[in-house]
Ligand code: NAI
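Okay, so here's just one chain, in C-alpha cells, the form predicted on its own.
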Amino acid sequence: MTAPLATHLRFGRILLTGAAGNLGRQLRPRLKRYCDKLRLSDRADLGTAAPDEELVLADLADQAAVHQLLEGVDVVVHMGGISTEQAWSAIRDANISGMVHLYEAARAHSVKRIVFASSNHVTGFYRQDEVISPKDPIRPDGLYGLSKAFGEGLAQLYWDRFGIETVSLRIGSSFPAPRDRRMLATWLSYDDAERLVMAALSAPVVGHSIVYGVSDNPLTWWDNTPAQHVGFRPQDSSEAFRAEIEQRQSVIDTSDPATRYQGGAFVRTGPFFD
C-alpha cells in the first residue's frame, strides 16, 4: 500500500458504499487516511469497525435506508451495486433504482461531490483495435454496462440541474495482477485505484467528468486526454507481467468475440432477463 498521497485536503466524513466488495475492501484502509470519519456501507458483513469507522448495513434498493446513509456526509465514493452481468431485476434494483436513491439523498443532504464507480463495459462493444476516449459514444456490452451508462447519465443530470459534481470512473480490471492478455490493456493496480479516487475527490472543479480507470500500461485502448483536468497520474504498469502472460496465453482465438471486443467475456454473457 502506498503512503498517503500528497494532498492537503482532509474530509470530515467520507461515505464508501460497496465496502465489502473487491475494490471496496482495498479502499477501506486507504480512504481512512484522508478523513476524520469513514462511513462504510454494504449489504454484506463488514466485520468489526476500526477506530473512526462507522459501519452501516444498507440495501441500495431501500430508499429510506439510503437517505439515512448520506446524512452528515461530505463526499461519497460509490462502489456499491452489481458489478457483473446478472439478471435484470438485480441490476435494476441496485444499479438503476439504487443510483436514483443515492443522488436524491445527496441532493437532500447537500452532498456536493460523488465519485461513481462506472465501468469500462459502458464501451465494451468497441473493438480491441480501436483507441477511444471519454468523448466517444457509449457502446454497452450488456445490461450491466447499460446500467452504468444510466448512472453516468444520471450524474450528468444532477450536475446540470442541482450542481452535484461527479467523477465517473470507467474502471478497467482492478486486481493484484493482470490475469490474461486482455488485462494487459485494462489493468488498474490497487495503488493507482487510490490515486484515481483521490484525484477525483481533490480536483478543484470537475462538473461531471468521465475518466477511464487504468494504470500506465503500454498496451491501451483508452485515451484519458479529455479527463486530464481531473489530475489522475497512474504510476504502475502491466508491463512487468507481460512475458509470463504471453507465455501462458500464447494463442488467441480471434473468432471469439471476447478477443475482438474490449468488453471481453462480457460481450457473450447472458441470459439478460429473469
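The first residue of the sequence shown is number 1, and the count goes up from there. Given the structure is predicted, the values throughout are model-derived calculations rather than measurements.
One more form of this protein should be noted, the form predicted in complex with this ligand, which is absent from this view; the next part is about it.
When contacts are judged by a 4.5 Å heavy atom cut-off, Ala200 does not count as touching this ligand in the predicted bound form.
Contact between Ala44 and this ligand in the predicted bound form is found at the 4.5 Å heavy atom cutoff. Heavy atoms of Trp88 never reach within 4.5 Å of this ligand in the predicted bound form, leaving it off the interface.
Looking at Gly81, you'd find a heavy atom of it within 4.5 angstroms of this ligand in the predicted bound form. Partner contacts here mean any heavy atom within 4.5 Å of this ligand in the predicted bound form, and among 28-36, 245-253, 231-239, 52-60 they occur only in 52-60. Of the residues given (Ala117, Leu102, Val76, Leu196), Ala117 alone sits with a heavy atom within 4.5 Å of this ligand in the predicted bound form. Contact annotation for 13-32: residues with any non-hydrogen atom within 4.5 angstroms of this ligand in the predicted bound form are Gly18, Ala20, Gly21, Asn22, Leu23, Gly24, listed in sequence order.
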